[in-house]
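One chain comes next, on its own, written as structure tokens: the form predicted alone.
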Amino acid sequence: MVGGGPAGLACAAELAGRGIGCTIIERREALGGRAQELACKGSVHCRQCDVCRAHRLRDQVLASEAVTVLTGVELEQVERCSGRYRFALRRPTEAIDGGRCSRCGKCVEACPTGAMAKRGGRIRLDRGLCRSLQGLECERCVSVCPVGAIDLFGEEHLSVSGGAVVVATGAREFPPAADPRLGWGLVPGVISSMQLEAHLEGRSPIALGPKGKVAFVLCVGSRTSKAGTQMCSAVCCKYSLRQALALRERASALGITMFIMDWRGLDGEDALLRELEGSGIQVVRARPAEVVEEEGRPAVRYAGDGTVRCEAFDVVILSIGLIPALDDGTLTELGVPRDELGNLVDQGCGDRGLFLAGSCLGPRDIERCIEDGISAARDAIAYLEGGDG
């Protein structure tokens, strides 16, 4: 499996359950994909957000002896010979040699970003904060280490092969800064839906009183040719509604307004819509033109009833959509085509033992990604048992 999100995890679990060994290749440092950053939306009762399903699949895969997990790796080359695929991989090695490190802390003192920090009695590097690894001039930690225990750019090379490949590389979130009209990073109080997930999970609280005013702006980066993609992201209505209901559950006096174009992707979600009707959440059918600052607060400007209105809130949440993941060249080497919007397309891939699953095919929620992964596993089994290639 190329990709360890819900689709890749479901595929690996299905294969392992049938006694077939497999390897997951994941670029991130941990399995789970975007689902690992999502919060449960039902502190009182389940709202079927499926986040827990993704967690259970991850635990199941990690406990399976039939699944080999390679995280933090990047694909260098892919080739197919005699019906088998071979992947050449590279993975960064530990930046700090634990056998040589004296724990003197000089690197921690020298690091300008806090990337070097003492954790659990050891000094560890947060690669996402390291200036050198972002291509900026630094390496102060290397220069002050008295025992030469630090190598920021060390890497190991690995090789994995198999008779079939499942591509589950997922999609990516629309970067909210790409639409500056909506004020993310510019107007105080404007946050993204992923930042709200961190708040709901208690990882990064936002300043929001129990009687504050909150606005959700949907379709950010979706259904537009100006910034983002023309397609509907399919998941935004569902997750935004669950987020809004979760906020209301925690603070019943909170004023919540949702700006929508229309409800999409809510087939089979009748319970959610019924809960919305009795929640007191206001729904405004409008696509806001911009979010501006008014007296230190974010204000949403939109057209309603033939007039332009501007309403201030304490927090404005941008419900960001999904857009096709960038191609690092590997998918080109595999010969996987894309449609006009950038999504992967299964055009005869199965004849070559190549199967696609999850939101790399287009926006999907967790449930559908899991279904895709199971289906891809069964297709791969049928291909291997058929002896094609």
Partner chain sequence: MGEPMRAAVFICRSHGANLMAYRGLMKHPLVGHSEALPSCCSQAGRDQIRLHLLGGKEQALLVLGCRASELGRYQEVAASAGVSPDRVAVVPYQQRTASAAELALARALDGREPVIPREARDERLLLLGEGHSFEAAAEQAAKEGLVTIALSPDGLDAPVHLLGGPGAFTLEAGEIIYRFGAALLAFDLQVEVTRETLGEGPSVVLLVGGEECRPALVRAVEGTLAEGRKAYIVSQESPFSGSSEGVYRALQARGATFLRAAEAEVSAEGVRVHDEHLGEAVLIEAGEVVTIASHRPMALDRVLGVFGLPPSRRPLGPAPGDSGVPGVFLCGSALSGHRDGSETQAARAAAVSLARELRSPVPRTPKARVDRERCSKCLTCLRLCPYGAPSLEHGEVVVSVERCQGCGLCVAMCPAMAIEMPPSDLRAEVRATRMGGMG
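From a predicted model like this one, the values you see are computed outputs, not experimental measurements. Residue numbers count along the first chain shown, from 1.
Beyond the structure shown, there is the form predicted in complex with its partner chain, which is absent from this document and is the topic of what follows.
message: Tell me which stretch of 307-315, 222-230, 106-114, 150-158 has a heavy atom within 4.5 angstroms of its partner chain in the model of the complex.
response: Single hit among the candidates: 222-230.
- request: Can you work out whether its partner chain is within 4.5 angstroms of a heavy atom in all three of V2, G99 and V336 in the model of the complex?
  value: Per the other structure, none of V2, G99 and V336 touch its partner chain.
- prompt: Looking at the partner-bound form in the model of the complex, is G362 within 4.5 Å of its partner chain by any heavy atom?
  reply: Taking the distances in the model of the complex, the answer for G362 is yes, it comes within 4.5 Å of its partner chain.
- request: Answer yes if any heavy atom of I191 is within 4.5 Å of a heavy atom of its partner chain in the model of the complex; otherwise answer no.
  value: No - in the model of the complex, heavy atoms of I191 and its partner chain never come within 4.5 Å of each other.
message: Would you classify L31 as touching its partner chain in the model of the complex, given a 4.5 Å non-hydrogen atom cut-off?
response: Answer yes; at least one heavy atom of L31 falls within 4.5 Å of its partner chain in the model of the complex.
is_contact(M261, its partner chain) in the model of the complex, heavy atom dist at most 4.5 Å: Result yes; M261 sits at the interface with its partner chain in the model of the complex.
query: Looking at its partner chain in the model of the complex, which residues in 1-21 have at least one heavy atom within 4.5 Å of it?
result: Contacting residues: A13, E14, G17, R18.
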